[in-house]
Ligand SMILES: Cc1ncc(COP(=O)(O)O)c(C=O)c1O
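As a starting point, one isolated chain is supplied in structure tokens, in the form predicted alone.
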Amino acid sequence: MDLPGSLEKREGEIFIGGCRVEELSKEYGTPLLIMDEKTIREKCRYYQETMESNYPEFNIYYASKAFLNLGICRIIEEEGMGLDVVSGGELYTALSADFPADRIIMHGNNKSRRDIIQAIQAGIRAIVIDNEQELKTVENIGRAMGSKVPVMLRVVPALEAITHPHLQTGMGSKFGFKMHQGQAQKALKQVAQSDSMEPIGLHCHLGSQITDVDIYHQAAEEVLKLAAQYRNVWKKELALNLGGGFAVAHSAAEESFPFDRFLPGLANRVTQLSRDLDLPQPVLEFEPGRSIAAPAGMTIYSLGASKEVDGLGTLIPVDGGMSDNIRPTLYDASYYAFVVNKEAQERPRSKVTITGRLCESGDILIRDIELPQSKPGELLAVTCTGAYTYPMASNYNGLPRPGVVLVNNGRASTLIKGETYEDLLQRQEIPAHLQKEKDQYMAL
């Protein structure tokens, strides 16, 4: 399992980032997402340092969709990485944090004109074009703005990664130009003939939670062969972006991606392929997100009263659920958890299912986990929750989204304030014809 690097036990109490978990829950309330700054920085440095020692020219972009806010932008910038954004909102967040625009690339399968104009005006490194209509739109906007827009094409090499069907993007998905259908080849010809686009590379994403190293080697070969067929397109440089999707172990049932043998081997493979295909050695690019953010996060819940249910066993609810972590409901994601300040081996232990508090039968966080006996009010820590939890959080059932704190060296700092009931109504209005002389319910 991938755990925060600073998670430790001192004299029977759990600490993360030098902060006592029980104290954090009292100060900030629960549910609470705790992010370990040390882990985030260590993961970023691993990518940077490994590439520096194995490949001459590269770019590492943090995948913002995993988890983004102003504070995370600052950390990523300080660690020398770029940002991969997928919307105008993510780009706005990055620019609001004064993140360097020339270290940002923009994805998305249905970018609006507003997104495209915003990206061009900001001067980002590249727009990753997803489809034929978007290609035409970028070309027309660039011409109207008098800009030579740097672009990459997202191509699909028809490689099926072994992962959950909802996490596959390298074969039959809504993303990109299909190589086996001739879409990518046609798009490359159009870009080559354009007077308002500057092609700088090809992008390929295979999916998420991938453990197979070889499929990235296959993708590199397929995409570089395509690049070689259209070698006249690359006037200044050729970037080969193989996306991210590197698996992390949220629980003992999952495997982590074998980074120790991945980057050096792939770097050698790309170098050899470029020689064999008589291509300039490409700028090698990756977009890790989950593998940086997920292990850094730990969510703290307060336990509720247990109940016995025929056919389901012992159910113990927490004060959150699918509103702050929808991954188990979406694709049966598994997690590890422990009762805070209780010994892992403490007896007696029993098999229980951790449920959320939402009005959905599918609101199950963890099925059949062995935990020591607990009582309402005690804290449950769920690890590896730093990615794709808060970004997909909702206010379903009128639940405020939890707060997020950053911990490091015994200091806790707010990244995102926990919402209040007042926040839930902040953007709501009562139409004039429904107004009462005195809205008594507002005073409740």
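Since the model is a prediction, treat every value here as computed from it, not as a measurement. Start at 1 with the first residue shown and count on from there.
Same protein, other form: the form predicted together with this ligand, not shown, and the subject of what follows.
Contact with this ligand in the predicted complex, defined as a heavy atom within 4.5 Å, holds for exactly one of Q209, S274, S194, S323, namely Q209.
Of the residues G176, P282, P288, P199, just one reaches this ligand in the predicted complex with a heavy atom at 4.5 Å or closer; this is P288. Contact annotation: I60 falls outside 4.5 Å of this ligand in the predicted complex, judged by heavy atom distances. H250 falls outside the set of residues with a heavy atom inside 4.5 Å of this ligand in the predicted complex. When contacts are judged by a 4.5 Å heavy atom cut-off, Y301 does not count as touching this ligand in the predicted complex. This ligand is not drawn, but in the predicted complex it has a heavy atom within 4.5 Å of Y388. Residue heavy atoms within 4.5 Å of this ligand in the predicted complex occur in exactly one stretch of 24-32, 37-45, 63-71, 378-386, and that stretch is 63-71. Looking at 82-112, the residues that come within 4.5 Å of this ligand in the predicted complex, counting any heavy atom, are D84, H107.
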